[in-house]
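One chain comes next, on its own, written out as structure tokens in the form predicted on its own.
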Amino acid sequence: MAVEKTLNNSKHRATDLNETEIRRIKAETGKPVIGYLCCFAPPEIISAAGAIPYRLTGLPGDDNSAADAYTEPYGCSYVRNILARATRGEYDFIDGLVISHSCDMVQRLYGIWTYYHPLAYSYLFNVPHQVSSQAQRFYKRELGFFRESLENFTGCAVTPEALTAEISLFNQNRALVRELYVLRKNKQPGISGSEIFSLLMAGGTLPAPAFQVKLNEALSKAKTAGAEKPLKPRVLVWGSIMDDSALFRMIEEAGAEVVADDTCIGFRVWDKDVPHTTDPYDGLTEHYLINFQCPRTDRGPGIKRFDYLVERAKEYSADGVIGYVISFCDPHKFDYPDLRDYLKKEGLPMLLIDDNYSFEPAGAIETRLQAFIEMLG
């Protein structure tokens, strides 16, 4: 079956591509590699400190048994996958670890990892769960503590000028990503959703200049792609952590176009620039705490918090929404019923894929996708 080929290719994606490339860059530059989960601890600061930010990725469907001795089996399967890889020594190329308190399970990962497999550098980045003025002050202060810890580790001072330069470089990449997404609004998109997602995966695991080269290449290719194809139903993908394009490819193989998304590694990170402010930490606070639309952050009661998602679906002419939630991901699961009902009122049907970070049983997922896409058509 096509879906089995998709999953088999997926299992070798991180090891064969991202990790091989980062090992080469590390050897050439001599810079330390700082692995991180979630972007609440801004990679711009890591880069300004003379290190290479590397977003840690898992391998969907891989064996998690190495994590069984450290955490309960009903914990987040994504976190357990990351822990299993660390236990097997598969992240031996990283010199440091930064964990943001995005959720309780991720925070627990930090304690287990640093106790049993200590690294030369480790930092737990505290992130408030609200966007109040007090929370913003707390977050900005945490940015300062984070900067100091990196300076002590690398010996490289993070000056306001150096940080502003990194922010500008990352913003250039955000602008290029948005150009690619604009092409997705066309009736005949020049680049597929799975191709964009794989590209954004590279954006978390490569230095910003190397990522910019890939973005320019993809943009040049996408602008010249004009082959006529049959029109397909258009979907927006929403959900919890996805660090593999397998679901996007499964949707495409089932007969739809993924024209937009709202995921942790997808457009959430790239849809707005970090504002240029006199104090660069004010801009980072606005971008990563206030503007980053993650369900783990309380934005008050009411379903109006989903307005941005409805606007995006309409902007990209989406016919429906496919949600992906990892088992035990409470923040996204708590949001799902309200989001589903709100989308329904707006004329947008929604399908939820509840998965244990394995995309199995693949046949069952494929059948549900096909049925939903046929309904849209």
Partner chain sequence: MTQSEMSRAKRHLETTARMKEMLPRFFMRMMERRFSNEPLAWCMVGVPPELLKAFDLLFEWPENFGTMCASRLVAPRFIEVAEGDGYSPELCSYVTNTMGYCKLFKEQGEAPEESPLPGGMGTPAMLLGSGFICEPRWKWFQSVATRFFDVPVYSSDPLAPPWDIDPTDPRIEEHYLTLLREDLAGQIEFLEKQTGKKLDIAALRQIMALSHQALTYWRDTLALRKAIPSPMGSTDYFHAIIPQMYLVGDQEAVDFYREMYEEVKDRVARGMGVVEEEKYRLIWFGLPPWFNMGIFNYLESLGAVFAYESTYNVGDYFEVDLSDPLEALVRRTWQRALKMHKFGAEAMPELCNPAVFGGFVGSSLLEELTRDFSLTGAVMHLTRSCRAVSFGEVHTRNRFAKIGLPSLIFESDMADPRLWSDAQIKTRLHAFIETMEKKLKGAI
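Numbering follows the first chain given and starts at 1. Because the structure is predicted, anything quoted here is derived from the model rather than measured.
As for the form predicted in complex with its partner chain, it is not shown, yet the points below apply to it.
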Gln134, Phe138 and Asp335 all contacting its partner chain in the predicted complex, non-hydrogen atom within 4.5 Å: yes
Checked Asn173, Ser194, Thr263, Ser122 for heavy atoms within 4.5 Å of its partner chain in the predicted complex; positive is Ser122
From Val127, Val158, Leu183, Ala254: within 4.5 Å of its partner chain in the predicted complex by heavy atoms is Val127
4.5 Å heavy atom contact, Arg299 and its partner chain in the predicted complex: yes
Does its partner chain get within 4.5 angstroms of any non-hydrogen atom of Glu217 in the predicted complex? no
Find out whether any non-hydrogen atom of Ala27 is located within 4.5 angstroms of its partner chain in the predicted complex, and reply yes or no. no
Heavy atom of Pro73 within 4.5 Å of its partner chain in the predicted complex: yes
Choose one stretch from 43 to 51, 64 to 72, 343 to 351, 311 to 319: the one whose residues place a heavy atom within 4.5 angstroms of its partner chain in the predicted complex. 64 to 72
Along 138 to 158, which positions have a non-hydrogen atom within 4.5 Å of its partner chain in the predicted complex? Phe138, Arg141, Glu142, Phe145, Glu148
